[in-house]
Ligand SMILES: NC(=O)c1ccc[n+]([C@@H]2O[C@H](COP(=O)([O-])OP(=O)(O)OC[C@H]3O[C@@H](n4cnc5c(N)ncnc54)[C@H](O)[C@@H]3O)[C@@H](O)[C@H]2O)c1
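Just one chain follows, in the form predicted on its own, and it is written as structure tokens.
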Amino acid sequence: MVVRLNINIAVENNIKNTYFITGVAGFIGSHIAEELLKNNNNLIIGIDNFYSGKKENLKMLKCDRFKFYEGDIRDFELLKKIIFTHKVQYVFHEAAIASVQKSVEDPLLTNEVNVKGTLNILEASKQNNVKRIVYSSSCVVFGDEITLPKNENSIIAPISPYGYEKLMSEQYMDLYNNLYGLETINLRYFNVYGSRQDYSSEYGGVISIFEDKFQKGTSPTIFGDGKQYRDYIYVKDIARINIKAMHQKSKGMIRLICCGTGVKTSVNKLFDIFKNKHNKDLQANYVKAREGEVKDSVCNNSRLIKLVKSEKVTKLEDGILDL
């Protein structure tokens, strides 16, 4: 079923830039849409099937320059219809089953969404003369190869189906760029956090889970010894990075970018940050590490800094205070 918000025809005819966001009701997709709507020249078309996206994330997007379709990226004909009908120029591809654990348990499903869904977006875009696609990849493509920090030239060695699905999608993006001339950009997200991240789902990040646990005064679970570290980047920074990447000049365009802060934070350190924020002396519940998860990860973000130039990424403590 397709659910559509009414749009004023006069408004749509005066729009300069038309964007299509897959997974628009999701954590990152909704933030990209919200940032784009700050510009009155932008029309945003979104799609989501609410597998992990939330209807409440669409509430702040209600205006005459946003149009929503309830649908699935596995539906190729629907994608073609949307892109053709709205003369879409730019695509932010955020939709995915973003779960290592789910990919281990059900690789057929996650491959169908994460790889075939990406190919559907690419082919529908190619057939309808889309100018550019920005794809949300992930640092999971690096796997557990020990050389750190990771950059765009680091060894690729996924250790989960999800990691391979992201890598295959990146390669499809590159193929369509090189073979068909469809401009594509791959953004390898490190650990994104911020408002609207669902702590209650299997896809919830550790920061959203910790925030919920500390608010409730209950002890959070830490998988492994807590010494494993990550590179946490704020979702509002990621939204702006997506838009910056989309509107690069074609000449000299950066087509692969690692998106992180360059700062490594252990899970134990993160736990201490939350203890200080909430002034609660909780004790963590340590359990066995989860299968298929990378132990350590941190980004060399020099290429990202070149893209964002003078803009600064948000410090972790500041981002957590804003939750």
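Residue numbers run from 1 along the displayed sequence. This structure is a prediction, so every number in the text was calculated from the model and none was measured.
What comes next is about the form predicted together with this ligand, which is not displayed.
Ser137 is the sole member of Ser125, Thr184, Ser137, Ser160 with a non-hydrogen atom within 4.5 Å of this ligand in the predicted complex.
With the partner omitted from this view, the residue of Ile257, Ile28, Ile44, Leu270 that lies near this ligand in the predicted complex is Ile28 [heavy atom within 4.5 Å]. Within 4.5 Å of any heavy atom of this ligand in the predicted complex lies no heavy atom of Ile209.
The shortest heavy atom separation between Glu165 and this ligand in the predicted complex exceeds 4.5 Å. Contact annotation: Ala245 falls outside 4.5 Å of this ligand in the predicted complex, judged by heavy atom distances. Proximity of Asp72 to this ligand in the predicted complex falls within the 4.5 Å heavy atom cutoff. Three-residue candidate spot Pro149, Ile241 and Thr261; no residue lies within 4.5 angstroms of this ligand in the predicted complex by any non-hydrogen atom. Stretch 88 to 96 is the contacting one of 88 to 96, 150 to 158, 174 to 182, 245 to 253, since its residues have non-hydrogen atoms within 4.5 Å of this ligand in the predicted complex. Residues of 167 to 192 placing a heavy atom within 4.5 Å of this ligand in the predicted complex, in sequence order: Tyr189, Phe190, Asn191, Val192.
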